[in-house]
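A single chain comes next, written as structure tokens; it is the form predicted on its own.
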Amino acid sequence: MASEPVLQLTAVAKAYASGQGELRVLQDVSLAVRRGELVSLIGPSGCGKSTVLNVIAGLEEPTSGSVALSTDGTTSSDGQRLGRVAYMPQKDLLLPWRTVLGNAVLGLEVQGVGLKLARQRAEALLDTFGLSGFAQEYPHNLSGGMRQRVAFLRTILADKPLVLLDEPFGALDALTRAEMQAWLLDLWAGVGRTGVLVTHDVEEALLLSHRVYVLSARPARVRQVVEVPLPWPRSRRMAATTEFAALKASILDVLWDQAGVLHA
């Protein structure tokens, strides 16, 4: 991996004006993501994890601190990041009147890619994303897991070197979620991307990530940085190992301490 980060957040803070005064959401958040890494953010509900992604994407600017994004040999700082990353939100947001193929190419169409070329690019990846034979199906005919695959294909086809994933499997049932995690593990090395994943699931964060940033309650601060030493390629069987259990316990201890949960 390259030594220089693709993404560097330094002492980022974010506050909003509210009817009751200033609402501080982020406070002194620093993190780094290097090329080829998948890094996770985990923390209490409402702590500001999605706000971090919005700041990275350029949808919002930090109140203070800095964001540097180096994706193509150049560095984009504050005010210059919009359109430089691919962003997959919590909901699949598939258009019901478009087929799988039509939804997959939507981002490319917005970028001005010709429809014929866009479809060729999508069709070349349908099998990789487990969608072979479903190109002409509509979203209402797909399972939740299949819809997420389409949304992820659309995100990857945007062809941005940094991918932001906001609870991509959060709405799925436990079994489908486990299947999607295994699928993403198999896929990630092949797509050649760098990513930031927001999740509430400690096991998901450890299984999928090179590094986990544990955030505090709002205003979010980085409470713990966990390097995940598990070898690659990963598999769900690793969740049964002593090493995995120790990593999970260290993160849960921080989260429980914040929540005031009694634990042994």
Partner chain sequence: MLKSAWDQPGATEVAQATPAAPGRWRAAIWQWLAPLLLLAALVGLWELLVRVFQTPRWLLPPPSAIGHALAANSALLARHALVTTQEVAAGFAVALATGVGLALAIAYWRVAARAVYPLVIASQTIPIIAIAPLLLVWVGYDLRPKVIVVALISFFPIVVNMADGLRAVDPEMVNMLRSLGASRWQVFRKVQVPGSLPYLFSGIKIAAAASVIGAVIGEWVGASAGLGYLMVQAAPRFQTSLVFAAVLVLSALGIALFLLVAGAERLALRWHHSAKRAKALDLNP
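This one's a predicted model, so the numbers in the text were calculated from it and none came from an experiment. Numbering follows the first chain given and starts at 1.
What follows is about the form predicted together with the partner chain, which we do not show.
In the predicted bound form, V100 stays away from the partner chain, with no heavy atom inside 4.5 Å. The partner chain in the predicted bound form comes within 4.5 Å of a heavy atom belonging to P89. Not displayed here, the partner chain is approached by L106 to within 4.5 Å at the level of heavy atoms in the predicted bound form. Among heavy atoms of Q120, none comes within 4.5 Å of the partner chain in the predicted bound form. Residues L82, G83, R84, V85, Y87, P89, K91, L93, L94, L95, P96, W97, R98 are the members of 81-102 with a non-hydrogen atom no more than 4.5 angstroms from the partner chain in the predicted bound form.
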